[in-house]
Every structure is written in structure tokens, then in C-alpha cells.
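A single chain comes next, written as C-alpha cells; it is the form predicted on its own.
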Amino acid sequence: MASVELPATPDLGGLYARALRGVLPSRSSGDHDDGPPVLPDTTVSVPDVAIDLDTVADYARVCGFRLDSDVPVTHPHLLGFPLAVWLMTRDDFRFDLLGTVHVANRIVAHEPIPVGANVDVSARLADLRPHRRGWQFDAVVEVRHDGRLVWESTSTNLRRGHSPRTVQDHDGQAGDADDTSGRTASARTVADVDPADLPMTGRWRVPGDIGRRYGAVSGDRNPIHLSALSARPFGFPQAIAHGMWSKAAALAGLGRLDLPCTIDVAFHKPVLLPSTVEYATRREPDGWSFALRRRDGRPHLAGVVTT
């Protein structure tokens, strides 16, 4: 695997501009039916990334965390996401970024990361596999502090269309590779969570500008999150909340988590902006089960925390 070290974190605005150019008909894309796609065989990294207090405070405010001496457990996603997008806008990434859906995320927080620390961040794409709706692959991010792996995440992405109608399972039989749960290895998994069965903890009004506010903090100004006007060309009647904002807000409601811990989330129906959602939680012997759902019970996300 090749390694690329960048001098600074890439600017997401420029990367999204490149991705928008990539959907023009003149560009040859792996979304065309020209053989099985492959992922870039590259790890990209940025050393000595400073975790700025003001940025952490803004992130905590928009997601609902209490400001602490350590960063919120989802905050390092902001450090690694631009590197993953950098890989997904390279010429050797054969899907269109803006047609890719984030379906699951797993975070393993090994130890606290102090605000003000300098960390090394790396990202790679891995495990391309057929899915009954297209192809899935993982964006893997690792954060190191003083040489120790302190935080890692696996974001499972789905690119719809252009996969074999049936795929072979691990026993060589034709099967349906419907894996949107983050492929967790915990004793309790997202598949064990029935969002409709969890007791409601609260009802939240999600404001129409939360996509713009989270985008201002994270740099993730994907058009689907900003306004109805910019979301409609991508098939959404309204702007939708960032999945990682939804995960962060749900975890903020649980209070301070004991570390180390593993946090798995499966994303279901997007949160249209504005809207009202139900927040549901249950304390478990080894952590938490939680969900965001519509008032009719249909889930936006389901998750588990295991310690």
C-alpha cells in the first residue's frame, strides 16, 4: 500500500468542488459498467494536527456536548473525514463521491484526547464488497497521540447500482450482501436494537439551519445538508442533517462515556430539516442502546455503546 503524507488537512470546500466537477458527463467514472471497481491502494496522513479549543467549543455547542478538558468522543471524525474525502476525489477512486451514502459508523475510543493536543491522523479505504443495492466499502481513520492509537473509526459507505445481481457469501453460495450495520464484532450489535422498543427520553426539534451550522464547524458543506434548493438535485425534498451530527447529538444526550468504549451506529431514514425527532435510550449492563426515530416510530438511526 502506498503512503502519502500531506502537510496540512485538505480543505473540504475544494474537495467538494472537485467532486461536483466529477459528476459531469465528460468524466469517465467507475459508476459506468466497465468491470469490477477497485479502491485506491493508498494511506493518506497528516502529522501533528493541533486540536484547537475554539473549534472544539463550537463543535460541542452545535452537537450538544458539555465542554470538557477532553474532546467529545465524536470530534476526531472532523480530523479524519477530509482525508477520507481526499481519497474519494482521486482519479483512481472509481465512484462519484456525491452518489455515495453513509450507512454505518463505528468508533473505538481507546483513551481520552486532551483539548490542545497535537495528534497524527491517517485514513484509508478498505474492504470493497458487493451489496444487493450496489457496492459497499469502508473509510478507516486512525488518530494517534504520542505514538499511541487513541481513536479509530470505520465509516461504511454504499454506492448504489452497478453490482452483480447476486453475490457469493463466505461459503460460496449465492446470497444477498446486505451489510449496513458496520460489521460489528461486539457481543451486542446494532442489529439487536429495535428503535421502536426503546423508551423515549425526549423529543427534539431539529432546526432547519443545523446542516449549515454543523457544516460551518466541520467544513462539511455537502449541498444535501445546506438548503432545500441545493438538496433537490440530489433527490431530497429538503436539506438533511449530517449523519455524524445525528450520532454526536445522540451521544451527547448520554453524558460522559467511560473509556475505552465502542460506539456503533446504523443510519436509516435521513433527518429532514426542519423536523421533530424522538430520542430513545436504554441503559444496558455493558453500556447503552439508543435511537433517533420519527414520531411514527420509523428510525433515523440505531446505535449501541459497549464498554
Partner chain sequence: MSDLYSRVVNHEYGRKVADLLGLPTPAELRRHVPGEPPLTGPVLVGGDGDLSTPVVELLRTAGLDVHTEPADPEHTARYAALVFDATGMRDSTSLGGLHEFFHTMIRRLGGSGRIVVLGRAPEAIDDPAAHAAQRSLEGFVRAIGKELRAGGTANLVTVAPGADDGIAAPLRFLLSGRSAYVSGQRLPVVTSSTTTVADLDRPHAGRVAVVTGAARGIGESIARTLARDGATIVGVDLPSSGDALAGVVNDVGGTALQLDITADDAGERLVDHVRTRHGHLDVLVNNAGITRDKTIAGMDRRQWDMVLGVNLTAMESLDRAVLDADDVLGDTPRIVCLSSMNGIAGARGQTNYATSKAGVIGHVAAMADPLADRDGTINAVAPGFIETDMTEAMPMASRELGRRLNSLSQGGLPVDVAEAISFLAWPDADGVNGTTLRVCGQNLLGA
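Numbering follows the first chain given and starts at 1. Worth saying up front: this structure is predicted, and the values here are computed from it rather than measured.
Below, we turn to the form predicted together with the partner chain, even though it does not appear here.
Chemist: Residue-level contact is defined here as any heavy atom of the residue lying within 4.5 Å of the partner chain in the predicted complex; does residue 96 satisfy this criterion?
Modeler: Taking the distances in the predicted complex, the answer for residue 96 is no, it never comes within 4.5 Å of the partner chain.
Chemist: Flag residue 276 as yes or no: does it have a non-hydrogen atom within 4.5 angstroms of any non-hydrogen atom of the partner chain in the predicted complex?
Modeler: Judged by the heavy-atom cut-off of 4.5 Å, residue 276 is well away from the partner chain in the predicted complex.
Chemist: Hey, in the predicted complex, is residue 269 touching the partner chain, heavy atoms inside 4.5 Å?
Modeler: Residue 269 lies outside the contact set for the partner chain.
Chemist: Within a 4.5 Å heavy atom cut-off, is residue 261 in contact with the partner chain in the predicted complex?
Modeler: Flag for residue 261 set to no.
Chemist: Determine which one of 201-209, 221-229, 130-138, 146-154 lies within 4.5 Å of the partner chain in the predicted complex, judging by heavy atom distances; exactly one does.
Modeler: Among the listed stretches, the partner-contacting one is 146-154.
Chemist: Going by heavy atom distances of 4.5 angstroms or less, which of 102, 90, 110, 213 would be at the interface with the partner chain in the predicted complex?
Modeler: Partner contact (heavy atom, 4.5 Å) among the options: 110.
Chemist: May I ask you to choose, among 188, 159, 124, 77, the residue with a heavy atom within 4.5 Å of the partner chain in the predicted complex?
Modeler: Looking at 188, 159, 124, 77 one by one, just 124 meets the 4.5 Å heavy-atom criterion.
Chemist: For the stretch 57-78, return the residues whose heavy atoms include at least one within 4.5 Å of the partner chain in the predicted complex, in the order they occur.
Modeler: Counting only heavy atoms within 4.5 Å of the partner chain in the predicted complex, the contacting residues of 57-78 are 69, 70.
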